[in-house]
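Only one chain is given next, in structure tokens, and it is the form predicted on its own.
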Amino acid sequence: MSTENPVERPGAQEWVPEHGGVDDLRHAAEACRGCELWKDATQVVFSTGSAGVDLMLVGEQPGDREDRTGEPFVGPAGRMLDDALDAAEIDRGAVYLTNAVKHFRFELRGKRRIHEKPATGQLVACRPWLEAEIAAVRPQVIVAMGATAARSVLGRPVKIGEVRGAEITAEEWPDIRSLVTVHPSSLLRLREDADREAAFRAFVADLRAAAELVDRR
């Protein structure tokens, strides 16, 4: 992978179209060179869903499977998310699903591409896309899945354990409710079945709480 300092890149703003709809944003993102991640990624992975939905879910970044297919949450974490949405009785087709960072950051080990957490500079560089998505979609509720997504949505770092499941209002979007939960990939790292089942139930409860925030509007 490139070792170029992500902080030195200009950020995505110059590639983000003004007043663009979701389809405009997806098309424009293909040309984004706001940080160095595009150099090693197969392609940009933008979002699924359409404007006007009530619920937006934001993850960290695409993984290996997502990078190869161009679609978010189609790998193991995506299957976990699908199961949780089903358990929470939320239709995935009625959700806008995206990531805080649109290109896959990884470390190459032999032939394997191992996920690496996005650097702060890469997160900041990519945030204009999320801002434009929120403006285009205008969801009632945003669910930030994981600390990286929470930092992007709220504009500041938070500890998941301190804010999880609680209604939060981001200063930038005072009319949109936000809720922070874990990333579904964290459930996959639990080795004990009992631990994974308990974590899954808690994750489903957070998704249900987000749906209830929508219903209260």
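Not measured: the values here are computed from a predicted model. All residue numbers refer to positions in the sequence shown, first residue = 1.
The next section is about a form of this same protein that is not shown, the form predicted in complex with a small molecule.
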**Message:** Considering non-hydrogen atoms and a 4.5 Å limit, does the small molecule approach T181 in the predicted complex?
**Reply:** no
**Asked** Is P72 a contact residue for the small molecule in the predicted complex, using a 4.5 Å heavy atom cut-off?
**Response** yes
**Message:** Is it the case that S47, even though its partner is missing from this view, gets within 4.5 Å of the small molecule in the predicted complex, heavy atoms only?
**Reply:** no
**Asked** S152: heavy atom within 4.5 Å of the small molecule in the predicted complex?
**Response** no
**Prompt:** Want to guess which of 170-178, 157-165, 48-56, 62-70 is within 4.5 Å of the small molecule in the predicted complex, heavy atoms only?
**Reply:** 62-70
